[in-house]
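First, one chain by itself in structure tokens, the form predicted on its own.
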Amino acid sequence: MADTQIPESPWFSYRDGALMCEDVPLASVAAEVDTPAFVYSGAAIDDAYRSIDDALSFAPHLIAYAVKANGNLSVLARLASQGCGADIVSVGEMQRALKAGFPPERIVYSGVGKRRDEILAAAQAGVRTLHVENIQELDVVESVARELGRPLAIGLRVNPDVDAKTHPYIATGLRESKFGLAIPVAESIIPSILENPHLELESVACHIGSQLSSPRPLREAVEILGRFAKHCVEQGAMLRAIDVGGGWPMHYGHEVDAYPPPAAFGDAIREGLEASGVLRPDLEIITEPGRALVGDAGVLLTRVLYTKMQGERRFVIVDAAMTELIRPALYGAYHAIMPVVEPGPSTDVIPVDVVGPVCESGDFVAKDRPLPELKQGDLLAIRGAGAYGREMQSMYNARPLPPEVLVDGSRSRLVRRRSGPEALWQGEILA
């Protein structure tokens, strides 16, 4: 089936008419664990990590994976084993990262709204740094440090006011955004931080948004961040690192223009640091990719339940829903869809709405998507589901959480069981 909106992938491709994840037929995964189910390619994760690692080879660096993209313990452990760090935004994510084997000194704690007990727990666990985004938050960190009787390492996250040219829901570096400190505000508090025996300013950080379509905004933001870092050093700060955030994109298949390769974003970081005059051998670069590492490594496997015509619209009803993949309902996000049995080259396609069984009109995977004629029982693979699928899933309509499978070559392993009925009321008290 010719469809320019299905991104090429060496990890998900047809072989002898069957859609494979590496060397495992997806039909055999469905037969073993049923549907809906998430399936991940280990080789795809490894390849994505190497690409970003290579792009930053010009300087010492730490790739701090954004755990919010996919926190499956086996996915995390795979990245941790390669020397990856973790970017967390909650104590729950910290506990996942530690459980999966990330050393605390490779964990950075971001987030605009950390509770005091979360800051204390992170400090007690020994995470590398706490990213501060608010003057009031700085006061809380200081009080925790006093309570512990030792200084805490912090990073100041600033807002460079750079338009990332991305979806407004995932743009984080504009002046109107809730994230980060305005640079003049951050500059005004540097002297008091450096004089404070309870605080150690070890890094500066920014993050302008996800899915950057061009490296130019990143270069601009990094140059601004680099100039701020230089100001901190001139004030006497002993900076250890500069955290340039995430934004590394992945292809979903609908893009008009292809995203630049990781090397282009690595060049943008290097050029921004060089232009600011802050690039030096003893300054570590931290970056926080999420979906770029795991997004295209995953598919959501689903089965056709029914088809029907409703007025002029043709519906394909599948057993996956917004409970497993909310991005289309939330953002209008595009996900490529591939039949698990390869259609012939001359197979006709017709526009259909692919929808789930949840009782919401917003429960859809795709609208007006050209697909071959589908019938009950057919299997579909929803591509690009490795990021923000399982992490944003819910049990709405009392639906169980789906299983997850990790593939390595010809081997597939269940890395999360489908939840049983007891999970639907776990923690509740029948009074």
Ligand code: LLP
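Just so it is clear, the structure is predicted and the values come from calculations on it, not from any experiment. Sequential numbering from 1, following the sequence displayed.
Keep in mind the form predicted in complex with the ligand is missing from the figure; the text below concerns it.
Contact with the ligand, judged by heavy atoms within 4.5 Å in the predicted bound form, is confined among 324 to 332, 339 to 347, 136 to 144, 194 to 202 to 324 to 332. Taking non-hydrogen atoms only, D296 never approaches the ligand to within 4.5 angstroms in the predicted bound form.
Although the partner is absent here, T302 is not a contact residue: none of its heavy atoms lies within 4.5 angstroms of the ligand in the predicted bound form.
Residue contact with the ligand in the predicted bound form: M392 places a heavy atom within 4.5 Å of it. Although the partner is absent here, H61 lies well away from the ligand in the predicted bound form, with no heavy atom inside 4.5 Å. Annotated contacts: N159, K230 and R270 are all free of the ligand in the predicted bound form [non-hydrogen atom within 4.5 angstroms]. Checked against the ligand in the predicted bound form, the candidates R128, R291, K114, R219 yield a single residue with a heavy atom inside 4.5 Å, and that residue is R291. Interface residues of 53 to 68, taken as those with a heavy atom within 4.5 Å of the ligand in the predicted bound form (partner not displayed): A66, K68, in sequence order.
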